[in-house]
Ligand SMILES: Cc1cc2nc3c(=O)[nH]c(=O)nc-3n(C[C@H](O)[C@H](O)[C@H](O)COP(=O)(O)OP(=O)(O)OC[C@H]3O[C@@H](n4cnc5c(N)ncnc54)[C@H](O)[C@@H]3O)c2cc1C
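Only one chain is shown below, in structure tokens, and it's the form predicted on its own.
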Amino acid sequence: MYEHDVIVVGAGGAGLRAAIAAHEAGSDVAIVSKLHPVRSHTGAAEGGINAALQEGDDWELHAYDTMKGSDYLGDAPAVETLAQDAPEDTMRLEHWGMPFSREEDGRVSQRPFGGLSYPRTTYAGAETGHHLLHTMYEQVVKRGIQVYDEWYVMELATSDEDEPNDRSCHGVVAYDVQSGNVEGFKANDGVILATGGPGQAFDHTTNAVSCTGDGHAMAYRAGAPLEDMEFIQFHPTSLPSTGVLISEGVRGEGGILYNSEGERFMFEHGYANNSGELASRDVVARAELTEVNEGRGVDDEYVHLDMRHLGEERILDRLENILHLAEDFEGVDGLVEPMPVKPGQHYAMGGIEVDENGQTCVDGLYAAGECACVSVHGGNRLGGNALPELIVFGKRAGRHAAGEDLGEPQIRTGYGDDVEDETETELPVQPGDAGLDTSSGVAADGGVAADAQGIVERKVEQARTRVDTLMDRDDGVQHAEIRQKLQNAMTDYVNVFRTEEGVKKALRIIRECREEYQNVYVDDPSRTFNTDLQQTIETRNLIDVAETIALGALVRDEFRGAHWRKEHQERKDDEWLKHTLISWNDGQPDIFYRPVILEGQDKTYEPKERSY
């Protein structure tokens, strides 16, 4: 068994920043990651980091833009913390050596992004995430922080009290991809989940194949609620053949969207009369799909993004990577022809419910980055707000897990007297594991012993039994069939445009996937570098997470942010200024709600019509 004070699961932007902060606070910290740190999906982030750095801009403007972008579902304490801390934390990256793009006078460059009232997106060409990862990994190496890379964390080691608020997390169980061994990692002070998004729940996504919602699912089964999972961002500009992202930076620099008739439809069809291509992402994504659905799409599938007018010099200076992506994946030269783009699943605004310090309702369990929901983004994330979230709340989670006093949080977590029970929504099927035989150990979680050492040891034995069960079967169904079925259902029915019957159909298919998973087996007999085994375990996580997305999409009967419902074409502030929370409850998901916090330190954010 391995033992450290703080264990960080995941080595993307949030995980690296959390580890650095915990180390600076004096903790013995280790990172456990299924990927080498610089292969983490943060490296695919292209656009930039929002921070109020220039004269004429300030954190209050950033906070207001973020709250408006969230469609007033963001929690003010989190939104204001992000806006206040982003400038200092961004400059710290610069001091660590991050090669930000610069103006001729030497100042760090900033450009316009969708939904911003000021050009505050700081960037490093079109590879900001790549440079962010390398800059912070250098700091991890410099500090001698232990990194267990290519260790796949399977489960959390938590106590088994009846109420999640009474439980505590004491470590994790991980599978060594190289040796095939399953081992325990004991955390004396805390576990920080920084495992990224659940993009692989969808068929067409900008996310890497590693983005399988592992942290979401593990925290969910351990008792931490998942919050606002229905809010999924579909990025307006992904490449049709692969889902590869084309940065919002193209539109920030002046790129233009055209339909098949050569119309600049964001203006000409009235989708965003003021901001045009730089409206918020949910607005632009819906506009593109509306153009396609009404017969004005190119090849009835996509629209065109044109940056030729920017000129070769500017494109090569600020967007060179985009040229390579378009050429490599679509065979298009962006210097001489427009690029094909369409919406693709990109980001999850919801996630593991945490407070401003990254702490869940389970003592000792933290989350940061895309897997967490502190609720900065609410119903819709503004481009350029994901990377400051990583560094601001990754830092806070690391410091708090290491024992620093960051003050009493204003955001509450778990089930308490401030929540509202779910009014009965008719579900098409029973969600969760209810009614299924999980005695085989393939999908079971089970209780654990009382003391910290025993909790980790027993969880290790359960995980080893689970692996043996999967490996010993010689027939059944393979995970790839189940995963494809799940992804198709989510893409078909829980996409940009949602209907009640479509979401219910998705829930029925997810239930079928869960039933089929009881007979899953691993075809690869090897105990080393067994990606088939790892992906089989990941698929179970995707089933759990996809179900929460669909459940949230069904019960929230309004149109807010990225959540569009055909039957409910209005935002219902009198009913829905509240977060959707879903807890596992021993395999029988419960749905409840917590009010949004709109009171900031000096002002209350009054909901207004969100127009661009």
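The numbering used is simple: start at 1 and walk along the sequence shown. It should be emphasised that the depicted structure is a prediction, and the values quoted were computed from it without experimental measurement.
What comes next is about the form predicted together with the named molecule, which does not appear here.
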{"query": "Listed residue that, although the named molecule is not shown, lies within 4.5 Å of it in the predicted bound form (heavy atoms), from 554, 30, 543, 44", "finding": "44"}
{"query": "The named molecule: the contacting residue among 514, 170, 381, 479 in the predicted bound form [heavy atom, 4.5 Å]", "finding": "381"}
{"query": "Heavy atom contact within 4.5 Å of the named molecule in the predicted bound form, the stretch among 300-308, 412-420, 201-209, 501-509", "finding": "201-209"}
{"query": "Contact label in the predicted bound form: residue 370 to the named molecule, heavy atom within 4.5 Å", "finding": "yes"}
{"query": "Exercise: residue 151 in contact with the named molecule in the predicted bound form, heavy atom 4.5 Å", "finding": "yes"}
{"query": "4.5 Å heavy atom contact, residue 220 and the named molecule in the predicted bound form", "finding": "no"}
{"query": "is_contact(residue 34, the named molecule) in the predicted bound form, heavy atom dist at most 4.5 Å", "finding": "yes"}
{"query": "Whether 4, 360 and 456 all lie within 4.5 angstroms of the named molecule in the predicted bound form by heavy atom", "finding": "no"}
{"query": "Contacts with the named molecule in the predicted bound form - residues in 562-588 whose heavy atoms fall within 4.5 Å", "finding": "none"}
